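Below you will find one chain, with nothing else, as structure tokens; this is the form predicted alone, and questions on how it binds or moves follow later.
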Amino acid sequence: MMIINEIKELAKEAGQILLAAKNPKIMEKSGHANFCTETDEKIQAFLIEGLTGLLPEASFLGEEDGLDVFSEKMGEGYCFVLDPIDGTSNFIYSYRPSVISIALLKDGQPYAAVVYNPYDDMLFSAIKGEGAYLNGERIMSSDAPLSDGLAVFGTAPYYAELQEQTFEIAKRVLPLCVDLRRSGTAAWDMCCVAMGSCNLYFELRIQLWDYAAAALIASEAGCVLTDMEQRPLSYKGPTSVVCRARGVTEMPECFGGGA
């Protein structure tokens, strides 16, 4: 089954919906500053329609419209995991980037992935075992040590109880790297590690639709991905995530140490 090119085209079309949106209606969900817009819902509906045509037997997990609960059934066969706009707050406040994220799980594990940044026309893609690509060109993560690169992190903004721990870790990472960055979109952050712009990404809690696609892209680019306890990602729901480039051969001690 090779439908990656069709998925790419759907992501690009979804990107045009995002770029064309003007003053979208904003809805607030549970959690601090957890927003959804009518554009999120429009893009998700567009993707579900198009992806169903490509793979009718697939189930769907998506951030909007009540599709946000992972079931055991989704761990069998094919399941598309969608984030129609990863970085909705960025989108609302015109603070770039925001990306469209599409993952295809096969029997509960990532099989294919597309992440698209329409503002810069940057399309990342991967198929399990076949490498990671940016606009059709093979990419690999940096082989430089953490001391020679940037680290990027997410603040898990919907979970106030994690703020103190997040910034304590960030304070300890800062002297180990060139500097810290925060973009506001987990999928973009992991893609930045995948393409060599950053050497490390971490966040204490993100949802499956935030990481499913980008984690495969980063893995295919040579990155090591675990949770904060250095366990493999489960792809069954929310988790902490650490994504380190090829050159970061050991987990920094502020994450618990060890290779």
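As the structure is a prediction and not an experimental result, all values here were calculated from the model. Each residue number is its position in the shown sequence, starting from 1.
Although not depicted, the form predicted in complex with a small molecule is the subject of the following passage.
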Complete contact of P110, S219 and E220 with the small molecule in the predicted complex (any heavy atom, 4.5 Å): no
4.5 Å heavy atom contact, P157 to the small molecule in the predicted complex: yes
Contact test in the predicted complex: A186 vs the small molecule, heavy atoms, 4.5 Å: yes
Distance check, I206 to the small molecule in the predicted complex, heavy atom within 4.5 Å: yes
Close approach of K106 to the small molecule in the predicted complex, 4.5 Å, heavy atom: no
Contact stretch among 149 to 157, 130 to 138, 113 to 121, 172 to 180 - heavy atom within 4.5 Å of the small molecule in the predicted complex: 149 to 157
